[in-house]
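Starting off, we have a lone chain in the form predicted alone, written out as structure tokens.
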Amino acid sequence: MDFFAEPAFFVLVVPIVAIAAAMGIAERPLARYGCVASLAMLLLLFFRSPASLAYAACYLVGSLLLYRWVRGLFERKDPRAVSLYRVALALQIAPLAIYKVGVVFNPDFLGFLGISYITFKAVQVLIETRDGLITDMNAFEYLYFLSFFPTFTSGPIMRSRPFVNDVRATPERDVYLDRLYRGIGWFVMGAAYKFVGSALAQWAMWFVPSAVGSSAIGWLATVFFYGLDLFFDFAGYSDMAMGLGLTMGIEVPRNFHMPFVATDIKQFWDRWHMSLSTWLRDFVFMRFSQFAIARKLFPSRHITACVGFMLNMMLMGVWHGITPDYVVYGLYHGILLAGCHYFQQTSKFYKKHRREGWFQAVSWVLTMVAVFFGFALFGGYVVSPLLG
């Protein structure tokens, strides 16, 4: 059973939400029920693939053991704590890295649906445990955080501390009712995005190129409607996940916020796949920048930031997959972000005209051209044809 796609999923969601609503209105704790519901849904997700179920179960248990190990190291103030934490971090990332490399050669290589998202959540826990920000998350809360079914396969990427706060709280009836109403609204809107917006965009991808006849215009139309399809499909998943989370008493972070109104590429990534971009900002970009500045690796903070953007987006590309399309996509957006940052920080022309209407309009057009060409890279409409 595929989440957010097959009719069976939506049929099962109805009683799950109904029971959660009854419990929430009665001001009863939802955590244990939510965890049981999540594990049951994961069993159905992997029902057709016992191997994937075994991999997922091993990953969950192994991640819990790594978290408890790292937490114990720092609680005991072990002199080897930092070094062993790095070992644990490498072990946590290793299954995803092995899967991403292996799947290039064998589509059925060991792994499971959702491993990309769950890895980022598990890595976040290890990093913040090392930083002393996570000190008392128990085994139940950890496993529920990783297995929370609304976000398991396609995100958004959640953070453990807000999740645990929601798990431990039993909101009053009015507070829960507000979440329930908002959750239903987000779920309905997400379903409309996915099953109406995405379907129309897919139809246009087929119809418009065949109607216009021109190969060049047809290619442009295909890329344009592919970008819209990507948005409606992914935003639909994310909004439905956010809605389901709210009905279960969990505030799931918003993943998309009007990305096509962005007037520069930095604004775009502040609005597109926000949970991924903020995760990379907090755990890659900021930490790399602090490390590089402290050791004076680059001649200026601007250059450091540019290198950080490149590193961020290259990691983002590889996270999607180790294929030429995704790697070039990451490199492309890294170059765009680095160039945008350097221009905005050093250009007198930008600082003089950035608030003027004509500049905003030109900037928006250029940004959208860059964004949709990026979609063409992501979708395999540029690199793969060139490679034959």
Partner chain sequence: MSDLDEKIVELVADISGEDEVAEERDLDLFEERILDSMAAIELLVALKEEFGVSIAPTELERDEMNTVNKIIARVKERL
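What you see is a predicted model, and the numbers here were worked out from it, not measured in a lab. Numbering follows the first chain given and starts at 1.
What follows is about the form predicted together with the partner chain, which we do not show.
Student: Out of 313, 246, 125, 305, which one falls within 4.5 Å of the partner chain in the predicted bound form, going by heavy atoms?
Tutor: For this set of options, the contacting one is 305.
Student: Can you work out which of 104, 293, 175, 82 has a heavy atom no more than 4.5 Å from the partner chain in the predicted bound form?
Tutor: Checked against the cut-off, the match is 293.
Student: With the partner removed from view, which of 46-54, 33-41, 344-352, 320-328 is the stretch that lies within 4.5 Å of the partner chain in the predicted bound form, judged by heavy atom distances?
Tutor: Careful reading of the contacts points to 344-352.
Student: Should residue 267 be counted as a contact of the partner chain in the predicted bound form, where contact means heavy atoms within 4.5 Å?
Tutor: Although the partner chain is absent here, residue 267 would touch it in the predicted bound form, with heavy atoms inside 4.5 Å.
Student: Considering only heavy atoms, tell me if residue 282 and the partner chain come within 4.5 Å of each other in the predicted bound form.
Tutor: Within the cut-off, so yes.
Student: With heavy atoms only and a cut-off of 4.5 Å, decide whether residue 131 touches the partner chain in the predicted bound form.
Tutor: Contact check for residue 131: yes, within 4.5 Å of the partner chain in the predicted bound form.
Student: With the partner left out of view, is residue 182 within 4.5 angstroms of the partner chain in the predicted bound form by any non-hydrogen atom?
Tutor: No.
Student: Answer yes or no: in the predicted bound form, does the partner chain come within 4.5 Å of a heavy atom in every one of 11, 194 and 198?
Tutor: Not one of the three qualifies.
Student: Going through 151-183, which residues have a heavy atom within 4.5 Å of the partner chain in the predicted bound form? Please give them in sequence order.
Tutor: Read in sequence order, the residues that approach the partner chain (within 4.5 Å, in the predicted bound form) are 159, 161.
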